[in-house]
Ligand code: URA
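Listed next as structure tokens is one chain, alone, in the form predicted alone.
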Amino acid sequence: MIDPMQEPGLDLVISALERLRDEKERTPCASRAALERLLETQPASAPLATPSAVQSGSKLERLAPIRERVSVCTKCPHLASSRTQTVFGVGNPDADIMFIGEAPGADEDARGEPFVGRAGQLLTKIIETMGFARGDVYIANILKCRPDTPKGSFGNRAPTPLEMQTCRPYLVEQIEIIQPKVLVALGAAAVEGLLGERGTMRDLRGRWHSYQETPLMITYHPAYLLRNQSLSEKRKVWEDMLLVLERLERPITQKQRNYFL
């Protein structure tokens, strides 16, 4: 039977672990022996979660508490006060491909779903030309809030490094649960938010990178293609997607190989 004097201390330990989980890029870990010692002192009415319990349930169920934390997040007070709602992610949690953008825009902020504006329509076209439905893949952003803009200004601003660093742990958790076979980073800001480094798209795209041993393809953001209608730039993005299809060992038709966006 647990000593009543031990309960407050145990509650403090659990609270501290939960706070570390919420605030750090990596979730806290403990040895099995340490967990067993905690379990010995935990009352039956409030069992301590074990590693197997944490991993149980469907991916959708495991994403749900993260979505809830995101929905009430105030780590960036200026973003929390200016957003309409958070934009967590959408799609199949068992997806082979996960697309990662930089941040929600005005359309996404209004609807609570990533990539639903003009750039999102182009991304959907790319996904469908690859032979997938939009619901077959998973789509998320580095930032879960739209970056605030001065009153009277139009368009969207890029997220700051600090904003991306603050929000990145949520994305890390999403990736760890979804475990896609391939990640696709859309644009230089997404690369910086994911890998912590910035480079030119000319140097980064068209070849394989790695994120935590998951193959990572870097390509232009669809918004770039809306600004630059050059067929050569559109073709570059499509060539990157062909590499993704090859990596997934998906059949590629001749029509797909010859396609221009």
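For every residue, the number given is its place in the sequence shown, counted from 1. Computed from a predicted model, the values in this text were never measured in an experiment.
Below: the form predicted in complex with uracil (URA), not depicted.
Mapping the unseen interface onto this chain, P114 counts among the residues with a heavy atom inside 4.5 Å of uracil (URA) in the predicted bound form. Although the partner is absent from this view, R205 stays clear of uracil (URA) in the predicted bound form, with no non-hydrogen atom inside 4.5 angstroms. In the predicted bound form, none of the heavy atoms of G89 sits within 4.5 Å of a heavy atom of uracil (URA). Shown alone here, A103 lies within 4.5 Å of uracil (URA) in the predicted bound form, counting heavy atoms only. Stretch 105-113 is the answer when you ask which of 68-76, 105-113, 89-97, 167-175 has residues with heavy atoms within 4.5 Å of uracil (URA) in the predicted bound form.
Residue H221 is the sole member of 220-250 found to place a heavy atom within 4.5 Å of uracil (URA) in the predicted bound form.
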